[in-house]
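One chain comes next, on its own, written as structure tokens: the form predicted on its own.
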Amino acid sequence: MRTAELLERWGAEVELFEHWADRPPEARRRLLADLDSLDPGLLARLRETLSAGRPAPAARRIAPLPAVALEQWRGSREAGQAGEELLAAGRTAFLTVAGGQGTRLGWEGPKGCFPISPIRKAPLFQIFAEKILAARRRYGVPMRWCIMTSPLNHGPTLEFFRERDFFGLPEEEVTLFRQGLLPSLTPEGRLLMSPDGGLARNPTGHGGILQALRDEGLAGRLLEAGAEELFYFQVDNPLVRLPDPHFAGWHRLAGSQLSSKVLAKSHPEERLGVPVLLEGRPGIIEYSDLNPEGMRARAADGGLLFPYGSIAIHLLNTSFAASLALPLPLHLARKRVRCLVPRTGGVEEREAVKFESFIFDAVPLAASPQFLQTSREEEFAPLKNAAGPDSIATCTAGMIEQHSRWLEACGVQVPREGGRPRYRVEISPLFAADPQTLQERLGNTVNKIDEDTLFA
């Protein structure tokens, strides 16, 4: 579209064009390109969402939602067999949300590149790759891995994988694809400019993975390749079990299109999505959709009325993901961002409204959604902060604790101090991906851990 036509179409956004002649040519080209690609219908939808705001929790009927007990589904022989058959037939694939940067960790680059394992300092991507490679070797079939990046980190992520030869996985089985971006708005609904002169935009959120799968043609290609179920997880949780035959089998036998793992909240205000009956349908809501009274409400047995939190580990039926009516509902968050102010020519912090979609908004649309309780110690040690809760230290400690318990289950003595392992222990997924495999590999060769120990 010609510059004059763009200026005519977007002339109502007066501030975008102030001091136009004084701007560097590249900044002008960037803004015009962003405006040319912006769908006016999408902008109208964002403004409608901003005007409506998020429905108050009281406006939606919510009720507690039970979860399948860990012992029930993990102990199901039928589920285990069904899951093993799915995996052995190559009917599963893996789907990872990895669009974030490591800024909050003090790390320059994609979060998935952060070195986190206790001894090797293996990055998150390597840990997941080794789990998938171990499964590929075990079942002898392709294990396709789709990784959603963002426009901000796609290039560095792809380079990271290429430099490391995709960690031993066949390159054709690993697909990196970009999620979309949505324009950020002022609280009044006006467009904002980024410091480089283009529009201020933000990633579409983890719910954007469904749209991106279609836009990239991935959903169709996965179906053609026979991948009927997708293991979904986020890049910040190295404890995720990949794959999980019992999870896959239970999901499949239940005829579920979307299943989720949940765990008991550590405290009422834990910042995890909350599984609920939402207007009579199973769903997940943001933790902030529960007011303090709802968070702390107690059931008749004295436990929390809403006891579970979602840890972003899901199984999606590929056909469901490919045919689901989109777009999903938009959620908004108000944050201060750095913006170019044309009137002054400077960069300032301004309040912005960011829009994103959440994958759990697909739960009420799915047939027979399942919520399976799991163990925090076995499957959840997220890496979000440099220090404090969910930090580098707690994530690393979670891996050490998990591997120490695996060794103890194999009869190996692991010295502890104050309940914590005295030594750092690390088990590469290529050595053993679970306690059963570890027992087979060790036999009776190791009786006690008496120093930092790596099994690789």
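All figures in this text were calculated on a predicted structure; none of them were measured in a lab. From 1 onward, residues are counted along the sequence shown.
Below, we turn to the form predicted in complex with uridine 5'-triphosphate (UTP), even though it does not appear here.
Check your understanding: Using a 4.5 Å cut on heavy atoms, which of 373, 310, 234, 194 is close to uridine 5'-triphosphate (UTP) in the predicted bound form?
Key -> It is 234 that has a heavy atom within 4.5 Å of the partner.
Review point. Among the candidate residues 350, 241, 201, 384, which is the single one with a non-hydrogen atom no more than 4.5 Å from uridine 5'-triphosphate (UTP) in the predicted bound form?
Key: That would be 384.
Practice item. Consider residue 103 of the chain shown here, and say whether it contacts uridine 5'-triphosphate (UTP) in the predicted bound form, taking contact as heavy atoms within 4.5 Å. Key: Result yes; residue 103 sits at the interface with uridine 5'-triphosphate (UTP) in the predicted bound form.
Exercise for review: Find out whether any non-hydrogen atom of residue 206 is located within 4.5 angstroms of uridine 5'-triphosphate (UTP) in the predicted bound form, and reply yes or no.
Suggested key: The answer is yes: residue 206 has a heavy atom within 4.5 Å of uridine 5'-triphosphate (UTP).
Review point. Quick one: does residue 369 come within 4.5 Å of uridine 5'-triphosphate (UTP) in the predicted bound form, counting heavy atoms only?
Key: The answer is no: residue 369 has no heavy atom within 4.5 Å of uridine 5'-triphosphate (UTP).
Check your understanding: Quick one: is residue 356 in contact with uridine 5'-triphosphate (UTP) in the predicted bound form, heavy atoms, 4.5 Å cut-off?
Key -> Yes - in the predicted bound form, heavy atoms of residue 356 and uridine 5'-triphosphate (UTP) come within 4.5 Å of each other.
Check your understanding: What stretch, of 87 to 95, 157 to 165, 274 to 282, 104 to 112, brings heavy atoms to within 4.5 Å of uridine 5'-triphosphate (UTP) in the predicted bound form?
Key -> After filtering at 4.5 Å, what remains is 104 to 112.
Practice item. Output the sequence-ordered list of residues from 155 to 182 with at least one heavy atom within 4.5 Å of uridine 5'-triphosphate (UTP) in the predicted bound form. Key: Result: 179 alone.
**Study point:** Residue pair residue 203, residue 101 - Cα distance in the predicted bound form, closer or farther (3 Å or more)
**Key:** Between the C-alphas of residue 101 and residue 203, the gap narrows in the predicted bound form (3 Å or more compared with this form).
Review point. Shorter or longer C-alpha distance for residue 101 and residue 205 in the predicted bound form, given it differs from this form by 3 Å or more?
Key: Distance between the C-alphas of residue 101 and residue 205: shorter in the predicted bound form, by 3 Å or more.
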